[in-house]
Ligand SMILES: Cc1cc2nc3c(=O)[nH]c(=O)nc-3n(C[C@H](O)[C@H](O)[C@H](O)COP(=O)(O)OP(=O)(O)OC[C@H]3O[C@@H](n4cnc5c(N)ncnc54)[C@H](O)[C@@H]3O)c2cc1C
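Shown below, as structure tokens, is a lone chain in the form predicted alone; questions about how it binds or moves come after it.
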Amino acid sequence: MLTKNQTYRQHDNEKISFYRSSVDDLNSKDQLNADIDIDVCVIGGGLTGISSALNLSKKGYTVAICEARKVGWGASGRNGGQLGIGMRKDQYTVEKMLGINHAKELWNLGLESVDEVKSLIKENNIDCHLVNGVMSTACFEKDIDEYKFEIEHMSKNYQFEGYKYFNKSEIKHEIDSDIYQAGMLNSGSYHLNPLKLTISLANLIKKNVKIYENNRVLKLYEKNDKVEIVTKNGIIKANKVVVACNGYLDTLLGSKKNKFIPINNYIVATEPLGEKKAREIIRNNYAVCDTRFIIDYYRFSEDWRMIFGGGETFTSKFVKDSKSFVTKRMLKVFPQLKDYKIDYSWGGTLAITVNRLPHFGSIMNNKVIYAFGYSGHGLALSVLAGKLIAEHINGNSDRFKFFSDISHMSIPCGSLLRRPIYSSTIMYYKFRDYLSS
């Protein structure tokens, strides 16, 4: 059964986010009025779930999505909008973890994940304001050598020439802040409005896929050669189930929740600055992410609002004043924004694995397939996950196994310790960042 305080419910009393203000909700008219029997039931109306449904329906499967609230309610409609290649960890670190051959397969899949999103946008004329370029900004002197090493390593070993180094004066010219030591542009990455993407993809599938919003799943159990999904509004019998809940998983997969730590992250959006002022701050309209352990990440929206994310909490409840919580961080980077009004503030929950790599797998004799743990790097990877899940269900598991074969540590003592452990880690890295600054 789900816990009494389901993660998705923490958003019920929030004011509208910028993303929700920018696009109409899907407002699916599908209603589960009787028990049904289908090929695949997808749990979760975010990008992993919608991409799974999209790819499975193309292969001829009958598919239904169950979403506890609205499509895009979780991280898919709340994130910073950075569509990044690769994994959450740099490629050299992935090599040390998994070996060069496995790491290269993941790199290629990371490239494909962005290409997949770009293709979906182009082929379906999706208006989600795709913009090229994500800049990493160095907060510490040590980052300079790490940037130079990564650029050389990726050029030599992967023939990737999409990185460009910026020294201190050059990064100041690109981003009008005094706190950065250097920068590294990734021209293979992009930024966009994630909720517009999510709802647009849902609109593509609604003729062929039943989308049951406001229909939370209570439990799953294996029965003979099927899985029965007990929902708020009825029972669904399915040959396969895709669980696509990420940080909102709660206890739906039992002890699998101990493979990640749920953290809450927060974002604000200012009033529109206008293009002229915005380009004084970020000259080429890149998205930006810094090098601290608890990162700041930001970009301009399609109507030239500063969308600034930063700060984490690890309790089960959000901070009471997320606007002030994030605005203080923003003004340390851009004090010139102090006279601009904050129009929106919101939060969301991420699933962070110990090794920062996604966790794919299956239970119940391969009848229930799951993907979670994108660790803050899931906008592109979640769309790819749906494609790989569909391949796996259709009998070709080769590419799915590049993720499912990754070994993941469980958090000791499960729910009892996973938040305290992360809290201790946060305090350590905050202190380390302070000493390095």
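Residue positions are given as counts along the sequence shown, with the first one as 1. For clarity, every value in this text was computed on a predicted model and none was experimentally measured.
The following text describes the form predicted together with this ligand, which does not appear among the structures shown.
Undergrad: In the predicted complex, does L197 come within 4.5 Å of this ligand, counting heavy atoms only?
TA: Taking the distances in the predicted complex, the answer for L197 is no, it never comes within 4.5 Å of this ligand.
Undergrad: Is Y248 near this ligand? Define near as a heavy atom within 4.5 Å, in the predicted complex.
TA: Y248: contacts this ligand in the predicted complex.
Undergrad: Although this ligand is absent from this view, report whether T349 comes within 4.5 Å of it in the predicted complex, heavy atoms only.
TA: Contact with this ligand, yes.
Undergrad: Residue-level contact is defined here as any heavy atom of the residue lying within 4.5 Å of this ligand in the predicted complex; does N265 satisfy this criterion?
TA: N265: contacts this ligand in the predicted complex.
Undergrad: Counting only non-hydrogen atoms, choose the one of 25-33, 386-394, 45-53, 404-412 that falls within 4.5 Å of this ligand in the predicted complex.
TA: Stretch 45-53 is the one.
Undergrad: Would you kindly say which of K257, K240, R78, H359 lies with a heavy atom within 4.5 Å of this ligand in the predicted complex?
TA: Exactly one residue meets the criterion: R78.
Undergrad: Can you name the residues of 212-239 that have a heavy atom within 4.5 Å of this ligand in the predicted complex?
TA: Residues within 4.5 Å: N215, R216, V217.
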